[in-house]
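First, one chain by itself: the form predicted alone, in structure tokens.
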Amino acid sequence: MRNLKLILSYDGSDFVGWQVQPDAVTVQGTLASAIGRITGEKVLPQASGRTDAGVHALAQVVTFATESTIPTANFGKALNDILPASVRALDVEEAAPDFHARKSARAKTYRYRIYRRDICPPFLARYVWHYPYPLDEGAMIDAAERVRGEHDFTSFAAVDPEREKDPPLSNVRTIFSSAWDREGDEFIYTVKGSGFLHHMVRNLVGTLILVGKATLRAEDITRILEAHNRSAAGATVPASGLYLVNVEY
């Protein structure tokens, strides 16, 4: 058996997320079908993490086992011939037998794009969150710094009844960097961490938006972290502006 590692880029707009679901178009299901057409095998590729419906990826890492002897370069070409234009295999390589896209990951970087002008171009609307209303961007930059470090991020994790059926796991994560940058008409949040909880980045952005609106102060971020209560934080922002940028091992 070979353990193949893919670098996958996809536009998440038309998918209901990464994870395969009955009677729904998912990235995992689409990729599994393409691999099956090439190798004749039934495989379930594993990603570094499950992106939600509408979330995009610039460099998602995926692994799967195969008995196929097709050279990696040819495998990538064959995949891209079959996959829809919204999903591209950027690279295919052989990995060590014990390498796993999720379990071997050490850090991930996400980016969230907010478009700030009054009118959002229609060809950009699927890839940003349009928010043209007044914001104190300086206060948001200050607040983002307060997320850095090791914290229990329960206040920023989605309350998911299905996930609560699983054995309880720690919600402690380490955030290595957390920053906003102005790039033309966009205000962009970039965060790098050891791992992320369900909806965590979108909930962080929703809370930082409240700081920008002066509903919260930058120092309230510490109080919200210590509350360990989802209701203490802001609303979940739309998926369209979120990107998985890269995964480190």
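All residue numbers refer to positions in the sequence shown, first residue = 1. Note that this is a predicted model, so its numbers are computed, not measured.
In what follows, reference is made to the form predicted together with a further copy of the same chain, a form of this protein that is not presented.
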**Q.** Heavy atom contact within 4.5 Å of a further copy of the same chain in the predicted bound form, the stretch among 56 to 64, 43 to 51, 220 to 228, 178 to 186
**A.** 56 to 64
Q: Find out whether any non-hydrogen atom of A101 is located within 4.5 angstroms of a further copy of the same chain in the predicted bound form, and reply yes or no.
A: no
(Q) With the partner left out here, check for me: in the predicted bound form, does some heavy atom of Y127 sit within 4.5 Å of a further copy of the same chain? (A) yes
Q. Any of the heavy atoms of C120 lying within 4.5 Å of a further copy of the same chain in the predicted bound form?
A. yes
Q. Is there a non-hydrogen atom of T109 within 4.5 angstroms of a non-hydrogen atom of a further copy of the same chain in the predicted bound form?
A. no
Q. Tell me, which of N171, N80, T72, T174 has a heavy atom within 4.5 angstroms of a further copy of the same chain in the predicted bound form?
A. N80
Q | V87, A144, I114, A157 - the one with a heavy atom within 4.5 Å of a further copy of the same chain in the predicted bound form | A | V87
Q) In sequence order, which positions of 212 to 249 have a non-hydrogen atom within 4.5 Å of a further copy of the same chain in the predicted bound form? A) Y243
